[in-house]
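Next up: just one chain, as structure tokens, the form predicted alone.
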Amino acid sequence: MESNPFNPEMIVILAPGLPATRRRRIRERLESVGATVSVVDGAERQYLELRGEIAALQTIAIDGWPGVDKVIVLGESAMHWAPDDEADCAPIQVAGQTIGQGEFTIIAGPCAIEDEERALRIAGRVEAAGANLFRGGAYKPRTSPYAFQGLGKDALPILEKVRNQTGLGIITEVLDPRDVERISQVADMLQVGSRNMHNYSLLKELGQASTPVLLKRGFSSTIDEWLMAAEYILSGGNSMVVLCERGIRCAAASRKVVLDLGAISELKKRTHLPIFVDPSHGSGEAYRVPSLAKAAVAAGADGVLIEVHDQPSEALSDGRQALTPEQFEKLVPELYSIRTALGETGTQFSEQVVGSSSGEDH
């Protein structure tokens, strides 16, 4: 989004009595980094009004420059843009599914693809239960080098077979910029996991791709850092980015992770991007997943990502947090009931207000 041509986004207050040569050097330096500079003469000092990419300007320690007294940020960058009407945003289409724009999406599947038979079996169950998209990991970044790392390229034809047999769109994680093109030939959406949120080479490559991206929050990252990671993809030309809150590390929390549901309302205020929640990684325990998933829906999430495995105790990756197909089947209608109830409540309230204003009795 272009900056506002009328309102400045940053004010640089110069020191009193600064020589003209020093003022000119500061202005030229600001212009050299992409700022549009307007000079305002005050009674005792000059002020510089800046317009441009504030996110980039904020990375420069302008307030530490000789002759600069103070810097005031007024505007916000494109990563903070939130439209007045969500319908104004271009829709993100994933395998025929509309993401955001009032639609609710459920992504489900095992943490990792283990074998073809199991993948097809789980996919069939989650599709029948109401899942919209299937997530299964081909490449798995693991804390331990000795843990199961996924089937790698051998999982890609399995995922393709899942799509052909179930009709579900495929989401899988990409770890290496060199794999983006190859995985995009199979996946309908590429996932950037928590560990790779700061993998800027990968983010830049995804910015050049024409495949939608599910960007998970880093487990130790602030919302600003997360939005900046999204900006790497958006600034490269790929506007199809979905944010996914997956929990952040907290020493006081059980399993050392806490799901930040407050991030949903914060992001709704600051960005136009759809927001998903992963209650599986956000809890680390299967018994917590249903409650957190329902809370995410109530908080306004555009979708959820839930791990499902037909034998969690035998799962090669994250079985502890996976729901069984039976548990997932029970949860799906509850999620849609909450979503429907919220919509109906909003509609009924609006109708009541309109009726009252027109003098109707209720």
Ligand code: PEP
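For clarity, every value in this text was computed on a predicted model and none was experimentally measured. So that there is no doubt, residue numbering starts at 1 and follows the sequence shown.
Keep in mind that the form predicted together with the named molecule is not shown, yet the notes after this line are about it.
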Subject >> Touches the named molecule in the predicted bound form: residue 318 (any heavy atom, 4.5 Å) >> reply: yes
Original post:
Any of the heavy atoms of residue 141 lying within 4.5 Å of the named molecule in the predicted bound form?
Top reply: yes
**OP:** May I ask you to check whether residue 193 falls inside a 4.5 Å heavy atom distance of the named molecule in the predicted bound form?
**Re:** yes
Original post:
Could you tell me if residue 173 has a non-hydrogen atom within 4.5 Å of the named molecule in the predicted bound form?
Top reply: yes
Subject >> Contact segment among 283 to 291, 185 to 193, 232 to 240, 161 to 169, judged by heavy atoms lying within 4.5 Å of the named molecule in the predicted bound form >> reply: 185 to 193
Original post:
Which residue, 111, 248, 92, 273, has a heavy atom that falls within 4.5 Å of the named molecule in the predicted bound form?
Top reply: 111
Original post:
So which bits of 151 to 167 sit within 4.5 Å of the named molecule in the predicted bound form, heavy atoms only?
Top reply: none
